[in-house]
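Just the one chain here, the form predicted on its own, laid out as structure tokens.
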């Protein structure tokens, strides 16, 4: 009989521009927060560690995981580092899931962190861009702002969303973040709401993206505790079970996706293609959508028995470093038909009081984006949603979805080169 695996708790060290603490101190504070919420956890309970961080450059340190493990007093335990760009923290969770499910371990701790603010923003962007193709794309000025802007412009050309739609997503997510005291937005700007006027006044970064559409630079850390069914109830009465896991990949260079022969079998997706553009070799995903997440979602839904995600899911957190990614993933995750992502934001389907609230944490543009910890923040947010403990953890103004039972999270690296979708279910 297959073993069940759950998220059973976690701890946070709020993402911010600069704290003063170094990375190991930040992880230790998140670990201390975990111990506060799971007071009966001892080092002897932890079978292994899965260290999650993206960039050796940003840390200024190779093998930073060894230092973290020492700092937490957990050396001697099995442990190793996961790194796969933006997909790093969700991949750490997937690895831990398989290790527990296979029976090797019962309890795994995932510490995740990134310290992105010890160099200037341009240098940080350059270091992150070295995760793109350094032979072809990077030497001609390839930065992720430009990559993702190009992808969104193509989607706008094909399916007609506007800058106003991107603004609606920005306003939604930033205002959601005002209910999240652990968000970087609240730390820097307080709890006042923003409007579309504020959006239009924000600086243009790379058309069509303005500052409020872009993920923020962050320092931050989080710890997540995972356990088998055998161990879960020792730590919590409200485990969040993992019921579906899907993984997918795509070409590293987005331009290759216009002739991506691996996806010739996407007949239904290929049918939905405007007649006013010249046909290309691969109508899906083109440069406009994310086939890696489409594949991952289908695999996760099959495992979790989900056939209508908008009806069956109660809340979702999406890895969207730019707001157009969120809109596009509405389509790739099957929340709507291809080209109808704009309709979900226009009709309020993804708002807090909509049929499927998305990004109640504020997401990468507002909660924060310390890469190695980002998905851990989002997963822990979903944990408290499904446990019905949002107000206990995030305060009386928290956005608690009533009777939330099922949740989805995505993660991806690069420009969707590698992606994962996970489905969670309450006890």
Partner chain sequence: MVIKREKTEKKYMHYPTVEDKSTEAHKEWEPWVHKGLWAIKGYQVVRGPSGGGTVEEALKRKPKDFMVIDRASAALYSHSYGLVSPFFRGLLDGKLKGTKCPKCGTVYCPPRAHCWNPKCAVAETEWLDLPLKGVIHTFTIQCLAASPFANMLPFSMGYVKVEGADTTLPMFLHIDPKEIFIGQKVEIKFAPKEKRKGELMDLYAVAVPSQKVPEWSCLHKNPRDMEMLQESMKKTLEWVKKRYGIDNSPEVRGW
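Numbering follows the first chain given and starts at 1. Since this is a predicted model, take the numbers as computed values, not measurements.
The form predicted in complex with the partner chain exists for this protein as well; it is not shown, and the discussion that follows is about that form.
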Legend entry - Location of the partner chain contact in the predicted bound form, chosen stretch of 220-228, 324-332, 136-144, 290-298 [non-hydrogen atom, 4.5 Å]: 136-144
Legend entry - Site check 126, 254 and 281: each within 4.5 Å of the partner chain in the predicted bound form by heavy atom: yes
Legend entry - Non-hydrogen atom contact residue 193 with the partner chain in the predicted bound form at 4.5 angstroms: no
Inset, instruction - Evaluate residue 115 for contact with the partner chain in the predicted bound form, applying a 4.5 angstroms cut-off between non-hydrogen atoms, and reply yes or no. - result: no
Inset, instruction - Decide whether residue 203 counts as a contact residue for the partner chain in the predicted bound form under a heavy atom distance cut-off of 4.5 Å. - result: yes
Inset, instruction - Consider residue 319 of the chain shown here, and say whether it contacts the partner chain in the predicted bound form, taking contact as heavy atoms within 4.5 Å. - result: no
Legend entry - Option touching the partner chain, based on a heavy atom within 4.5 Å in the predicted bound form, out of 186, 131, 245, 74: 186
Inset, instruction - Tell me, out of 174, 81, 168, 154, which residue has a non-hydrogen atom within 4.5 angstroms of the partner chain in the predicted bound form. - result: 154
Legend entry - Residues in 206-243 close to the partner chain in the predicted bound form, defined by a heavy atom within 4.5 Å, in order: 206, 207, 210
